[in-house]
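Below you'll find only one chain, the form predicted alone, shown as structure tokens.
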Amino acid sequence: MNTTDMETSNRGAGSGYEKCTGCAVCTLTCPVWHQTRDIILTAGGRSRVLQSGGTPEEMRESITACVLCGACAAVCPAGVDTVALTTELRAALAARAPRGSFSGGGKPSAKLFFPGAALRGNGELLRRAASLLETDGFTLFDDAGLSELAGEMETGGRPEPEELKNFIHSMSGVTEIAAADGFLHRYLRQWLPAVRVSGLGEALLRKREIKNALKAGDLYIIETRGYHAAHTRLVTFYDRMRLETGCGLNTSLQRAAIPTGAASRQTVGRLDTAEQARWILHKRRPARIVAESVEDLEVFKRTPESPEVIHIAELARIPQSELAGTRDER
């Protein structure tokens, strides 16, 4: 094996894959396992292949099948960073040069709202979410470039170091970011360690009118990527919310959140998101579904078994005059 082959085969080393014992706990909430029952397509399968000297090319199908929901990382007893494992392997497959600029527009304020691509595509929900967060001091930020970067990183790309440095510098003075795209959470925390990073659901649930609008018959769908990126902290946050409101959550017995997989850019068309929705709804009869992400909202709306489905931003009553006056994305 030459030096290049050795470097390629060692991709994923920073994830701790060597600690995997093959216990298969990672399969319990894995949507790919749920639909295929193929252990090689799971994080545990990828770890065991690497332990046996396999290369990324030899498990291309497994690497590209993952939806990066992070549920397996949350329950792994060995502490393998399964999201890092898969993104590192994708980077090895892609072998792409770093991409260009991804800075946003406008001068940042102390608290920023990054809406992400999916929410930017729904003007009504974007205005609602921005209006609600604005009362807590958040400024809507133009994160289109960052969304483009997230898409490329998910499929193996990496930011240009100089552009990353410029982005970090542009965030000087920012103390908190509410980011709807959960995939970005782990990276924002790495790049901006002094900044508090929250998901859109977490940020909105701090508002009394939002939490009080949740009912005991509701099934609340947590956005899985951001949840699993800060699992230890958010288990406590959402458990408290569940106890206070009586609503149900899309969590398993292992306290991981079951994903629909709809947010995945890599596996579009490969995973049956409706089947995932039915898995979440199995033996549940909620009066209403409340989703944190636009992607999950759309999946449940298309699922015949679903009752009324709304976005978390629709829990609050906002006068149309205020919605019309919400400031445009910066």
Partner chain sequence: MTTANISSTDILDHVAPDSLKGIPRRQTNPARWNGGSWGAFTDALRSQNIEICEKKQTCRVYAVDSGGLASGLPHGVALARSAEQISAILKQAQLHRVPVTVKGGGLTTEGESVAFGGLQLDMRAMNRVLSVDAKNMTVRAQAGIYWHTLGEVLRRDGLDYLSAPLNMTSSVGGTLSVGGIDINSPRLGCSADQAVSLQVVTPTGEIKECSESENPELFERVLLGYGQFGVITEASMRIRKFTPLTMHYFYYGSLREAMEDLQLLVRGDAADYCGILTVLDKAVNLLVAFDSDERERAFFSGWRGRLRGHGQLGFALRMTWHYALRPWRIGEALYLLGRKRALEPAFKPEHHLEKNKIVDRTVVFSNSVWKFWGGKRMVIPDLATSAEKFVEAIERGNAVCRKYFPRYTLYCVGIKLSGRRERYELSCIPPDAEGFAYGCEFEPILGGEDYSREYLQAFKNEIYDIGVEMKTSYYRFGGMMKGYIRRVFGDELVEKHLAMKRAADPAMILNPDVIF
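Residue numbers count along the first chain shown, from 1. Computed from a predicted structure; not experimentally measured.
The form predicted together with the partner chain exists for this protein as well; it is not shown, and the discussion that follows is about that form.
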May I ask you to check whether residue 212 falls inside a 4.5 Å heavy atom distance of the partner chain in the predicted complex? no
Even though the partner isn't displayed, in the predicted complex is residue 149 close enough to the partner chain, meaning a heavy atom within 4.5 Å? no
Is it the case that residue 33, even though its partner is missing from this view, gets within 4.5 Å of the partner chain in the predicted complex, heavy atoms only? yes
Though only this chain appears here, would residue 153 touch the partner chain in the predicted complex if you measure heavy atom gaps against 4.5 Å? no
Please tell me which of 255, 207, 196, 120 lies within 4.5 Å of the partner chain in the predicted complex, judged by heavy atoms. 255
Only one of 265, 48, 288, 301 comes within 4.5 Å of the partner chain in the predicted complex by heavy atoms, so just point that one out. 48
Output flag, 21, 38 and 282 jointly within 4.5 Å of the partner chain in the predicted complex, heavy atom basis: yes
So if I measure heavy atom distances to the partner chain in the predicted complex, which of the stretches 84-92, 182-190, 168-176, 239-247 falls within 4.5 Å? 239-247
Heavy atoms within 4.5 Å of the partner chain in the predicted complex is the criterion; list the residues of 113-152 that meet it. none
